[in-house]
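There is one chain below, alone, in structure tokens, taken in the form predicted alone.
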């Protein structure tokens, strides 16, 4: 990989780039899919590709290829692309040489060397555990394990080489007797430490508990939001508001609000690219800036937006190490990396006299990312009575505003979950509107 990257970098400079960056990704992924209580199929994908950014007089060009013999042409195309564009007056420069921290927990040889039989075995653990609960059918699901490598070189001295692993499981189930009810469970990790049977069992038990529903009247109450639902809401409402690119384009509610009190004084939120075993952990972001821990909210006070090198240059500040790419096919943009919700923990349901508990939500992607307003359908919701989950609720909509929610958080559970790149416990919010 290094030789290929060096070849591409030299080619871009040769064709006229003033600065150049090469991003190479190589990944091997095994995935197993589930449909209607059975394994539908398994496949293994091996992907290698290279993305090249070339900068000519402040204009940025990009090209990519997955055919390594086309590297020279890809470099030429990136430079040609830059030459056809107007200079970006906000462009400063690519990141320069820097020292990198040590991170842990992102590579597991057991996952890297996992054979297909073991992958299928883990998939069956989820199916069998769900089937063990009577009246349950697994409607869909998946297992995946992956090993990947990335290499970033640029003409300013950046050199990042790193590998990592990941593993995940998911099942969605439905009841086949009595009232129809569905539920799902999911887990993801960088280590081979997932209890796959628990995923199937949890989904099945939740679907069964969600039968024999009742209707409730519209009212305002305390709502305890499971990590699945809370991460869905925070990713679609709050995180876009701290993306420096959105802020600079006037698409954020938090413009000019640094050091304002925007949340409960007990709430802190961190973005931590160094988190041990985090899904988004690495020594650097996806353009080679050293990873760091950024305090977004400190005891209720808003402290920082998230920056990549480009947006940091526009604001005249340092990058927070939040450049992110979906693959070698794209240029970097701002993205969160291990978004950690921190609030004092307690037995949150036992600590709630009356209210509503929501496991998951549907429709969070329709939220207004600028105003923070949302209205979503709650799934697997229950009433809370005298500190215990009481009756499942037939149909429920919850609505509100993420910035009001942050101020009205008054409790958090001990059930911290890693939901993709968000790490959060269940969160209790006072005075929310629920419509049954």
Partner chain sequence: MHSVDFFDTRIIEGTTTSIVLDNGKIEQISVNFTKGAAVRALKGGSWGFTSADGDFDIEKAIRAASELAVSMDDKSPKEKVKMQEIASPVVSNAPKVKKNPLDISLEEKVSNLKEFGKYAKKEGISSSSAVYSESSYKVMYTDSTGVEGEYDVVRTGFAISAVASRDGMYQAGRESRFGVTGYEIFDKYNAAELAEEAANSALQLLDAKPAKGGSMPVILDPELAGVFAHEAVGHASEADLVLEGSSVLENRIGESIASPLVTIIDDPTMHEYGYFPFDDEGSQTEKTTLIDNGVLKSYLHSRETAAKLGGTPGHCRAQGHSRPIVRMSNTYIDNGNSKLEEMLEEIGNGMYLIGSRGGQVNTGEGVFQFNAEKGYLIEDGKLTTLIRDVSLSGKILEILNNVKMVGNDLKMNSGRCGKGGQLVPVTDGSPHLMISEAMVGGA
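Because the structure is a prediction, the values reported are computed rather than measured. Residue numbers count along the first chain shown, from 1.
Although not depicted, the form predicted in complex with its partner chain is the subject of the following passage.
- Although the partner is absent here, residue 385 is not a contact residue: none of its heavy atoms lies within 4.5 angstroms of its partner chain in the predicted complex.
- When its partner chain is considered in the predicted complex, residue 363 lines it closely, a heavy atom lying within 4.5 Å.
- Using a 4.5 Å cutoff between non-hydrogen atoms, residue 180 counts as a contact of its partner chain in the predicted complex.
- In the predicted complex, residue 86 approaches its partner chain with a heavy atom inside 4.5 Å.
- The three residues 112, 132 and 195 each lack any heavy atom within 4.5 Å of its partner chain in the predicted complex.
- Proximity to its partner chain in the predicted complex, taken as heavy atoms within 4.5 Å, picks out 328-336 from the listed stretches 158-166, 197-205, 266-274, 328-336.
- Proximity to its partner chain in the predicted complex, taken as a non-hydrogen atom within 4.5 angstroms, holds for one residue of 317, 346, 301, 255, which is 255.
- Contact with its partner chain in the predicted complex, judged by any heavy atom within 4.5 Å, is made by just one of 260, 212, 117, 353: 117.
- Interface residues of 256-273, taken as those with a heavy atom within 4.5 Å of its partner chain in the predicted complex (partner not displayed), are absent.
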